[in-house]
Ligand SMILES: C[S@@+](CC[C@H](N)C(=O)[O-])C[C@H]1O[C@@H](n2cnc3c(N)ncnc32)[C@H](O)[C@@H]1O
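Just the one chain here, the form predicted on its own, laid out as structure tokens.
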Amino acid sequence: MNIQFHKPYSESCDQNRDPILEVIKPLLTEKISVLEIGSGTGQHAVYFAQKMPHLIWQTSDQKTYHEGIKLWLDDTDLDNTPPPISLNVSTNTWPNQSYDAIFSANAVHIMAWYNVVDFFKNAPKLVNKGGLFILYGPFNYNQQYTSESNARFDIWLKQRDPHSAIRDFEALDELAQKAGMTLQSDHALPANNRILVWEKT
């Protein structure tokens, strides 16, 4: 019996891809390679790779997500999206390669805090000097929610997994600074999300 795999689909990816692209496209104009950490369905990867064909967009995630990512990559058949690499921020060996930028969307609030610490400790090592570390998602500031919807979302996250939570910007920035990254910009996006951009100094 042949088992047919269906492409995974996230409605939020379709909703947020254009606002994200508007911010990251100017940042990546002179970059060549991007490592996406936590590629999930693969939708962001194929969309951004189509819109920025000068980039090599390298997807990565835990092995269980690779089948879905490959379906998206195969359907679009782009020249700048190599096969996904297996990556768990706390257990896997990180790629023996450097990139001009690292991009991650809606990942750090899913991870446990120790995973976030490992992420910020290891990911910047792969960024070339002058390269960027770009995070998209909801963040708290001064340990305060930026909206009632984010507060509700945080409750939902913790009910689903007590290790998940919306992270505090200040705590993330401290981890980034320890890893040799300097905050370059902080962009407000729709639905109370933001893009944080650090530069490798």
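Residue indices: 1-based, along the sequence shown. Please read these numbers as outputs of a predicted model, since none were measured by experiment.
One more form of this protein should be noted, the form predicted together with the named molecule, which is absent from this view; the next part is about it.
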Can you say which of 40 to 48, 141 to 149, 166 to 174, 25 to 33 gets within 4.5 Å of the named molecule in the predicted complex, counting heavy atoms only?
40 to 48
For the three residues C13, Y65 and I110, verify that every one has a non-hydrogen atom within 4.5 Å of the named molecule in the predicted complex; reply yes or no.
yes
How about N88 - does it come within 4.5 Å of the named molecule in the predicted complex, if we only consider non-hydrogen atoms?
yes
I102 versus the named molecule, in the predicted complex: is there a non-hydrogen atom within 4.5 Å?
no
Using a 4.5 angstroms cut-off on non-hydrogen atoms, would N80 count as touching the named molecule in the predicted complex?
no
Just checking whether N122 would be counted as a contact of the named molecule in the predicted complex - the rule being heavy atoms within 4.5 angstroms.
no
